[in-house]
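Coming up, as structure tokens: structure 1 and structure 2, two forms of one and the same protein chain.
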Structure 1
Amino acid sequence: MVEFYQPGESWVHRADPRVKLAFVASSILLLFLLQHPLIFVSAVLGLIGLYRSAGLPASRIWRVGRAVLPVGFLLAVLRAILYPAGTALIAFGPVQITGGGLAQGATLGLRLLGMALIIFLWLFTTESQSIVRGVVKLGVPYPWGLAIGLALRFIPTIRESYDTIVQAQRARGLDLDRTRGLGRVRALLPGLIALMVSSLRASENLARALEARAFGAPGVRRSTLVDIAFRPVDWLFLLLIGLGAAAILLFYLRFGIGADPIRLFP
């Protein structure tokens, strides 16, 4: 991926970036509060449906899952082993695997996957310029907003540069398949040094480009070619997001639904 954004004309792409940011913030808050694995499975399936309704290819979902699932699985296993709760199902000496520990581990892994899918849905369907305009409209200073947009824009570029450097070194005889552990780290050091040099050059060129556009000059009022504005459908989306989050919070706080990793209903 040269950049996160995947061009499209779906309703998710057309939604105001502030609406999508509100969806991200409210969803992550709910994912931190809720505890039952069934809720997280439903959330992941719903997010996959959103990806498909946005016209995003399955490869994008797979990329997110491939990056997050190993870490999520490791965290789930460690949680189940280190924090047993309830009756032991399997015991290996001092190590006990319990139903409560498995439920808490599954919750932790699925929470991480859900958060990644939510954030990348926002990034895949929102241009970097729209992200900058959205956060600036919310009151964030323009330099901060630009820094966020540039960071999101250059993370995939740096990754692509690193892959190009490694492939070039492989063509010159670098063999990474036979090295393990510290030997592999030492073999990658020349590539990391070349990546640092390339990144420093790119940052210098970027600084010159910003200076040529009078960025940071006193008394300069920034303008934009294409501005963003709320449409009636955006207000409707924002209302639905607020009502949905409030309803889930009500059921969680008032009735305790989803507050226990073992039982969905109290």
Structure 2
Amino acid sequence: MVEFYQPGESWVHRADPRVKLAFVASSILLLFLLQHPLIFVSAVLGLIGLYRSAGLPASRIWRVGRAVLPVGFLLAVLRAILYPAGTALIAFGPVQITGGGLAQGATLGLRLLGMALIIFLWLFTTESQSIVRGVVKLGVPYPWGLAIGLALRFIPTIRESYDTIVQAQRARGLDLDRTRGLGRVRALLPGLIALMVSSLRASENLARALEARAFGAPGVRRSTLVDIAFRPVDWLFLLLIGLGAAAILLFYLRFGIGADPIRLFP
């Protein structure tokens, strides 16, 4: 089974889940605001540094990259072609590749990569129950928090089931190499239905397992064995995140730095 969480003792692992959530939220927000590709390149490099510092192997970074890059690249190319800006560098008939288009495309692709790296850094270094504790502490009702935790817990299982289902189809003679496009979708449809049926069955079992553990006992205020509390260093992290985000925001709003996809400094 391939899970998200990679056990470890690094400072990223030990940081309070709420701090990490603050980092995820503020950095994703900034990624949407900023436009210049160089900023994204440095963000991606910074994130890779964070991965290494968290003791995550290069294979993990590569796995995220492999999942996102094809889509990111496609988006970048489409953007560059469909929204030309400025003078053409190369032109094939009506299709123009412009500097501005390229910059915007790169921004789009890198933004996707950056977001994926941020979210997966969070998932790789935070146990799902820790995420649950974090969001519950922030005021999300426990059943909702548990639902998030269970979703994270079962995504790899569902993924695994899907792989097995497709294998089972191929073992029955389905030749996926010969089907393309819509035909492929149609060929996979029975598998998706099987996945739905087996997931429904699994969720029934899960419901029984929850009941057997007295989940939702009426009139009981749930307690928690391991509570989370901010350490001084977590306050420091939070302060740094706040200051960093505020600084970038200030430069962006006051001086327009990073607001344009082509010129970094206006």
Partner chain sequence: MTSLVEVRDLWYAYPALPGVGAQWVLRGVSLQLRAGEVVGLLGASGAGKSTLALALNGSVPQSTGGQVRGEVLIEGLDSKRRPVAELAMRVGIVFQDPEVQFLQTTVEAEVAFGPENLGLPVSEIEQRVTWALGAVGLGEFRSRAPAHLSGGEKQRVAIAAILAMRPRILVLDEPTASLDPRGKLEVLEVIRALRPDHTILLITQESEAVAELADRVLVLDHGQIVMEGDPNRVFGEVERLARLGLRPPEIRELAHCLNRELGVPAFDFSDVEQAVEALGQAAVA
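All of these numbers come straight from a predicted model, not from anything done at the bench. The term rigid core refers to the most C-alpha atoms you can superpose between the two forms while keeping them within 1.5 Å. Each residue is numbered by where it sits in the sequence of structure 1, with counting from 1.
- Looking at the condition given, the form predicted on its own, one finds it describes the source of structure 1 alone.
- Looking at Gly149, Gln35, Gly191, Ser199, the entry at the hinge of the rigid-part motion between the two structures is Gly149, while the rest lie more than 12 positions from any hinge.
- Superimposing on the larger rigid part's C-alpha atoms between the two structures leaves the smaller part rotated by 14 degrees.
- With both forms fitted on their core, the C-alpha atom of Val166 sits 4.4 Å from where it sits in the other form; this compares the forms between the two structures.
- CA movement of Leu195 between the two structures equals 3.5 Å, with the two forms superposed on the rigid core.
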